[in-house]
Each structure stands twice: as structure tokens, then as C-alpha cells.
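Below you'll find only one chain, the form predicted alone, shown as C-alpha cells.
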Amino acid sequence: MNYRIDRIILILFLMFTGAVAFVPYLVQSEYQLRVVTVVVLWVGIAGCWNMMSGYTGYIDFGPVVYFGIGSYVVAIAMTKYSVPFFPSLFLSGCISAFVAFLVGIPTLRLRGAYFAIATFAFAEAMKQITLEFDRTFNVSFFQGSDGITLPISNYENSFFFYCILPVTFLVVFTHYFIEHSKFGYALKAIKEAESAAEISGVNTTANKLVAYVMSAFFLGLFGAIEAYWITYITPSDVFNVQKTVQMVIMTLLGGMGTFLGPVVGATFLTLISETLGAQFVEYYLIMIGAIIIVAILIMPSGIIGGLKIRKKLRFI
């Protein structure tokens, strides 16, 4: 029954995605298009965090590092080696995934708070490396705190919208695959009882590593697209821990471990932030914080999780 419902939801999501693809032709201003693009971007970014942490229960405080790696790879490739955007974009995803593979092998053997601390420390370390590398080795590569200015794009906002939309769609579709595959059941087993899953024959480390690398690949793509979109990056911006916090909050609001949770949470929080930020410049952060607290108190399992629980209770 749940599988049929999920298939219906997926079909509706596909139809909705098809409709969203026409947004650049329907909006009346560049501002509106930019807001929609930011919403789609954060749906994808939050989905990347959910892909690993939502299904395994491993709270990752360092996903921003792969977003930052993607940003720097595309910036360095385009400015220093004159590589076109799309090859640079693919390279960003691949290098982010490769770094995640190297980092994931030792860190994914840690559990609980130890994993969270290790990933947070790695993100902070990467920020410091990009800040101090040039000064330490007397070279001009990461440009330190000065940052890197990418080639100014001649493309309009609609170009970046159509770059972000398919990547976000792939992230959400990957969630659907996780929900209905042996791989997904293995991740859920890790979340529920990792020791029992290991005894049952599940290679927990390998499955966690696959989810971790997939998440990093997509984050690298998003980081690269945003870097080319805004045309200027610094370590403090692309490795900012607030990005990780935002991913976590959006996923918790929507519902961890569900393929629509990041969609709902990211859309809700981004639109609320944009609306309140325009009307209450000085107080909107306090208002958003209050909304988040109330939402989590009312629905501790998130909006999607809360709806699922209510639906189950009807049949009890």
C-alpha cells in the first residue's frame, strides 16, 4: 500500500517538476526567478544531507566541505586552466566524491558524536587550508581570504535555473530509489540498529560510504553552479558552517529519511525567510527561529513524518 502511494507521489512530483521547468517563462521579474532558483537549489542541497544522514542516522556536520570543494574546483579550473564551465562542473562533482571516498573510509567507522565531531573538524580544516595555503607555501592558488573571481557569465538567471533543476531532480529521484531498494533498506537498518544489521550480513561501512560519496558528488555540483552564478567565492563563504546548519534545519522541518522531506522543508523555510526578510528586516531572524521551534515542537518528526504518523493513527 505504501509503495503504491509513494509511486503516486513520485508521479505527481514528476508532473510538478515538469511544471516548474516553465517557471522562467511565467514569472514577471528576474527577482521572482531568482527566488524560485534559490528554492530549487536549497531543495537539492538539503536533499544531499538527507541522503546520508537522514537514512543512516549519522549526523554529518561537514557536508559544506564538499560544497566548498565543488566551488573551488570550478573556480580554479575556469580561471587558471581556462576549462569551460560544463567540464569544470563535472570535474567538481568527481573531485568532491573522490575526497569524500578518502575521508569516508576512516570517519565512517566512527559512530555517534565522534562522527559528527570528525566531520565538523574536517570542514573547518578545509576552510583554514584554503585560507592559509598560499601564504604558507608562497604561491598563488586558492587566493586566501581575497577569494577568486570567476569569469563573468553572459548567461541570464534562467541558465542557472536550468542547471540547478535537473541536479535537484536527480537528488530527489535518488531518494526515491533509496526508499525502494535493498541499498535503502540497508541504510535504514543501520539507522535502526547498526550492530544487528552487521550480524545479519549487511556491509554497513560499504553502504554508508556509498551514500556519503553520492551526497558529496551532488554537493560538489551545487557548489560549482552557485560559484559560477555569483562569480565570486571566498573560503569563509563556501565553507561556512551556517550552510550545514541550514541543511539540517530544512531536513528536520520536512522530515528526515523521507524523499519529500527536504523538498517540503527547504521550500517552506526559504519562502518564509524571503517573505519575512523583505518585510521585517531587523526582526525576521527571531521570527524564523520562533517558527522553527514551534514547528518542531508540534511535529518532531517533521512535516512529512507528522503526516505519515497521523495517517497511521487513522487506521489503528
Partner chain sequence: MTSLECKKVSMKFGALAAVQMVSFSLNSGEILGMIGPNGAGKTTLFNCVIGVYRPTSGKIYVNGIDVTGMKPHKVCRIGLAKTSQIMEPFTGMTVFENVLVGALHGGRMKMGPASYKTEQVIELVGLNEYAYKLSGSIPVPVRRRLELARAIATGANILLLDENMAGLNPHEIDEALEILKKIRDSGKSLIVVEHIMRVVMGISDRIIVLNYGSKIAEGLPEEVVNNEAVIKAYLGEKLSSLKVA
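Residue numbers count along the first chain shown, from 1. Computed from a prediction, not measured in an experiment: that's the story for all the values here.
The same protein also exists as the form predicted in complex with its partner chain; that form is not shown, yet it is the one meant from here on.
In the model of the complex, its partner chain lies farther than 4.5 Å from every heavy atom of S145. For K182, a non-hydrogen atom is located within 4.5 Å of its partner chain in the model of the complex, even though that partner is not displayed. Taking the partner from the other structure, its partner chain in the model of the complex has no heavy atom within 4.5 Å of any heavy atom of T149. Taking non-hydrogen atoms only, E156 never approaches its partner chain to within 4.5 angstroms in the model of the complex. Annotated contacts: V73, P87 and C94 are all free of its partner chain in the model of the complex [non-hydrogen atom within 4.5 angstroms]. For the candidate set S140, S200, S236, Q242, a heavy atom within 4.5 Å of its partner chain in the model of the complex is found for exactly one residue, namely S200.
Of the residues T205, T174, T79, Q246, just one reaches its partner chain in the model of the complex with a heavy atom at 4.5 Å or closer; this is T205.
Only one segment in the set 100-108, 132-140, 192-200, 228-236 has any non-hydrogen atom within 4.5 angstroms of its partner chain in the model of the complex, and it is 192-200.
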